[in-house]
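As structure tokens, one chain now follows by itself in the form predicted alone.
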Amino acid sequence: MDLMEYKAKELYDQYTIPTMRGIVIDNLDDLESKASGLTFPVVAKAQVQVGGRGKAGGVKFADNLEELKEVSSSILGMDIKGHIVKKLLIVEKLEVKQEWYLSIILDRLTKGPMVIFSSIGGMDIEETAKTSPEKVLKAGIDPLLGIKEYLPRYLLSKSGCDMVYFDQLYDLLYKIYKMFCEYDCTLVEINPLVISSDNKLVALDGKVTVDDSALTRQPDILEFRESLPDDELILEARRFRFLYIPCEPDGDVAVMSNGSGMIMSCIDLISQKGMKVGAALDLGGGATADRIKEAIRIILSNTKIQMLFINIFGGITRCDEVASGVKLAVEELAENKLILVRFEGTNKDKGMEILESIQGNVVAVDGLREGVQELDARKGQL
């Protein structure tokens, strides 16, 4: 899961990574008392789990308390790409000499941690890679060795940066890698990592992504996730260890499967037919009939959904359990919505027998493309 900047800053402070002093508010009543310890000018930043907040007006400066009240009032409650601003991070402004980019990611190709560094910061690293690819350096980290002196030395010398920052960069890399490992991160990003007027490296912004599968051993991150206001269906699905994914707000097709790859394939083919997917639900593995029933209940609770495509490859999840779950859902929900079912694998024959016995708007299809064609043929009929 992606942490908001203020939570990333809390982790940075925990690992003594240099940041700017700041406060977090969720209402204007607390502003004056909390801001009393800050030195102006300051920056007020909207806390949302989406990029582009600066361009949307979610980052503003204030030279005094009155200006801070004004900008805070304008940002709180703002809608940024469908995300309502509930919290503000207010930090002291810093005089900046230069902006760098620094991150550690879990690299999918090498299956290990990788450092990405650029002497051009403050913008998307993807854009820098396009316009100035020679300015983006990548270096793998050997998990058995961790951060060694050659790494910051290589990054600074190869990028043409002053070696006077070697000690600070070495210390910073050591700390963020320690955090990366201890918090089961897939990304720790500092953008920009700035050089202040007194030649100190400071993390001026932060982005941290924690592996969802590791949240059970990260209680403070789990508590943070549960504190976030979220879609009711996302929260409901989470109770059953499902992943509910809202897609297009006006979509009338839903997809249910047991894997993100299967879900994405379904969504791609459905979209190519000009249909809109309103939501998707990932069952994970080993779903029983009762859990399938609950999953169907949750996804059809979205009143805009008129057609549900269930696409399952049965291994741990048996086809007869899937079919039994569909039957239970149809009998209990009494929804006149189309449910297309495609499955392959364990107990498929038994599953097909169960599907054929269902009295309702349930159709079995042989494959993914056949299912999408059936959706296309049925659109607008319900």
Partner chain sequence: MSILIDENTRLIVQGITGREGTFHTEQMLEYGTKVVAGVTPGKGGQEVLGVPVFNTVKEAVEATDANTSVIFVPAKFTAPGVYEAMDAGLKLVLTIAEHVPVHDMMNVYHRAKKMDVRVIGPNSFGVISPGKAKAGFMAHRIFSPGNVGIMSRSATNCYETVFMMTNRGIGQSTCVGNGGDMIPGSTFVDTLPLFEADPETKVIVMIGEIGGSEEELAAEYIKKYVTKPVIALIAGKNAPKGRSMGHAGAIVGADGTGSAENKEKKLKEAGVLIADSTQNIIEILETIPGTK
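Positions refer to the first chain, counted from 1. Because the structure is predicted, anything quoted here is derived from the model rather than measured. Each form is matched to the other, and the largest set of C-alpha atoms that superpose within 1.5 Å is called the rigid core.
Beyond the structure shown, there is the form predicted in complex with the partner chain, which is absent from this document and is the topic of what follows.
Although the partner is absent here, residue 313 is a contact residue: one of its heavy atoms lies within 4.5 angstroms of the partner chain in the predicted bound form.
A residue is said to contact a partner when one of its heavy atoms sits within 4.5 Å of a partner heavy atom; residue 242 fails this definition for the partner chain in the predicted bound form, lying far away. In the predicted bound form, the partner chain stays beyond 4.5 Å of every heavy atom belonging to residue 128. Using a 4.5 Å cutoff between non-hydrogen atoms, residue 344 counts as a contact of the partner chain in the predicted bound form. Looking at the partner chain in the predicted bound form, residues 110, 143 and 234 each place a heavy atom within 4.5 Å of it. Note on contacts: among 139, 123, 300, 136, the single residue with a heavy atom within 4.5 Å of the partner chain in the predicted bound form is 139. Distance criterion of 4.5 Å from any heavy atom to the partner chain in the predicted bound form singles out 211 from the list 171, 211, 92, 99. Only one listed stretch (69-77, 271-279, 191-199, 290-298) carries heavy atoms within 4.5 Å of the partner chain in the predicted bound form, and that stretch is 271-279. Taking a 4.5 Å heavy atom cutoff to the partner chain in the predicted bound form, the contacting residues in 155-186 are 157, 158, 163, 180, 181, 184, 185, 186. Residue displacement note: residue 369 has its CA displaced by at least 2 Å between the shown form and the other one (rigid core superposed). With the core superposed, residue 208 shows a C-alpha displacement below 2 Å between the shown form and the other one. Once both forms are fitted on their rigid core, the CA atom of residue 89 lies less than 2 Å apart between the shown form and the other one.
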